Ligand SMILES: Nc1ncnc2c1ncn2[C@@H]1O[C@H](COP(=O)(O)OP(=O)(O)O)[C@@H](O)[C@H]1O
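Here you get one chain, nothing else, as structure tokens; it is the form predicted on its own.
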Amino acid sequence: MYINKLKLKNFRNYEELNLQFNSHKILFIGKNAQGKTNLLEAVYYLSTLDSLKNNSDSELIKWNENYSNISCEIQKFDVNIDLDVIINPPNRKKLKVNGILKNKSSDFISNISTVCFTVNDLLLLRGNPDNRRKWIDNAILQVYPAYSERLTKYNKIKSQKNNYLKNLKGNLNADTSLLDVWNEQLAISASNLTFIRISFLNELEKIVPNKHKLIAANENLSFVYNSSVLNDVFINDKPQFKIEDILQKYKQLLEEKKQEEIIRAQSVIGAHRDDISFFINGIEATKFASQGQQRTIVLSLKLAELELINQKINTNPILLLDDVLAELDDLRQNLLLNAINNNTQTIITSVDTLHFKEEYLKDVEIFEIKNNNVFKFN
């Protein structure tokens, strides 16, 4: 799949922008704080309906404007598809595919898939659990778009349960029959998320080690899903968890933690508490890996995502690289660029062209960003 056109209206720092792409390799260059990342974020948003920076939708709208519009034309399986998003909080965002309004987000994001690699991803190992959950959730979305509805449903149940717990004000003698209802719904929803995450990691685990060995031949990469109900799930041990088993675990622990949740006035059990740990030769990388090892792990994950998405949807996702080459050494730069096949459209941001070999730049379409404007460079 490829993006042929990208149009922005009141998005971030862009009042109005119309771009047409004629190459599989696109490079945006410009000084910092010019809006390079914003262009990648617009494409990323079309595939996830989520911000790259954990911002709310309202923060995507240009200052002093009431709405934002992102639209693009993509080519997928030799068919052109028009995608259009109107962000107008507090109203519900409008999603259109070929001019037809879509009520389900999965019906929209199923049309475009991306793998995004940013400088923040290089901190994936030493960031907080939210970063790792967002990574796995958005990776799953690229393969299973309906997962977005499951995430939305879970977050809504969790929010309603937390509001109810706050209203209890720590009163252990209050009638908690409604809490039992919320716990039942949370257990069903959370078990779905946990099962899907573990299943996806199982799929990814079949690809990641080989990608990792391309850069670090003597290192074995493995990962563990840290579940609030299953303890640590060692992915490379091929766990055979059934969703029914996970559901029963949730129900059991939610009952056991009922009083604690009332006292603390928050949900202490759920998929929002889960995390992922990475190991190099059995040693926890989140604590002991060098910066080079961290970069290798993240690069391996991104290359594995590319391959897995291609396997599942039978087309290459669009690769978004946000100023990451400057953070990678020559070995990792070359591995990343060489691993991108000619059928993968790649959109890269960089301060300049110095990090790219002349051979790579031969068929690259370059745009320069300056003072909120985008100019064709070549």
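Residues carry their position along the shown sequence, with the first being 1. All figures in this text were calculated on a predicted structure; none of them were measured in a lab.
Omitted from view is the form predicted together with the ligand, to which the following refers.
- Only one segment in the set 308 to 316, 340 to 348, 57 to 65, 43 to 51 has any non-hydrogen atom within 4.5 angstroms of the ligand in the model of the complex, and it is 57 to 65.
- Looking at residue 12, you'd find a heavy atom of it within 4.5 angstroms of the ligand in the model of the complex.
- Looking at residue 333, you'd find every heavy atom of it more than 4.5 angstroms from the ligand in the model of the complex.
- Shown here without the ligand, the chain has 31, 32, 33, 34, 35, 36, 37, 38 in 25 to 45 lying with a heavy atom within 4.5 Å of that partner in the model of the complex.
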